[in-house]
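Taking the form predicted alone, here's one chain by itself in structure tokens.
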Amino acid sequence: MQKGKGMKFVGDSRIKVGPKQTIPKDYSEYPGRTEPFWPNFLLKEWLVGAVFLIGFLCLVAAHPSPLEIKADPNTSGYIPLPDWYFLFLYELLKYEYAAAEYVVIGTIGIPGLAFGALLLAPFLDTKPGRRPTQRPIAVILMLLAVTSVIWLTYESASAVNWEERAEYSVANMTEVEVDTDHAGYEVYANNCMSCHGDSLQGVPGMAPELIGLPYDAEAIKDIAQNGIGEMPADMFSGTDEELNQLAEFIVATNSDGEGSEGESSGSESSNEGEDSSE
């Protein structure tokens, strides 16, 4: 028998042929249309995020957030405003069918429809193209959303008197330490706090601040009873003792802002007044 002769290859039909292994096509078959997620695409995302973050940090460092005074429920003249990125929602609530009895429409209905449309945009427009002309639904929805936000923000910001509102800024506040343990503080809270604030800072357009007053205790008591300027008379409701405590509290806060020292100086001034009257 010669070598290589008489050999036969037989196939066994009992052996099942396994599924064909699917190997992803090489990226070179799609030039310019796709790329590996790692590291190509992810590196681009990180670079864009880093540039935006650094730019945002520089903007915050150059122009700090314009903080305003601490919210005080006793200050009726202060109208709080949301941050600039929520001004468009604040303006939306001014329209007739988005406020009052329709407030649910303005707070949940319209924003819910807007964000819901943006979420459904990728499912409504499934074309593979990335150019804006090839994605009309997504582009139109995004343009409507951006235009609405910019317009409502502009309308809200243009209606605010920013010069008057600057008086509420923390940078323009007079720092004063108010002694809440002073006997006259409770009298002040019951008679004056609603107009002049919890720290005697006043309310722009409503009542002046009580810091730096050129008045003594007697003048303050006269103003509390008889009024001055736009302040009407009989605004104070209390006893003569409470009136003295109120005047001493305001004078003490104006003098040095220290509670114990202010109280002692107020009592000394009252004693000197009694001695002079005698």
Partner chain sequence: MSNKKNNQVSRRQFLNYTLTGVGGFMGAALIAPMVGFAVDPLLKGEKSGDFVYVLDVDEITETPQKVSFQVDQTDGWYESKVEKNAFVFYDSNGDILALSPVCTHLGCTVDWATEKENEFFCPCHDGRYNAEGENIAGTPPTEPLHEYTFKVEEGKLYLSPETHARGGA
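Positions refer to the first chain, counted from 1. What you see is a predicted model, and the numbers here were worked out from it, not measured in a lab.
The form predicted together with its partner chain is left out here; the points below concern that form.
Residue in contact with its partner chain in the predicted bound form (any heavy atom within 4.5 Å), chosen from M235, A219, L42, I228: L42. Partner proximity in the predicted bound form, defined as non-hydrogen atoms within 4.5 angstroms of its partner chain, places exactly one of 207-215, 238-246, 220-228, 45-53 at the interface: 45-53. Shown here without its partner chain, the chain has no residue in 131-165 lying with a heavy atom within 4.5 Å of that partner in the predicted bound form.
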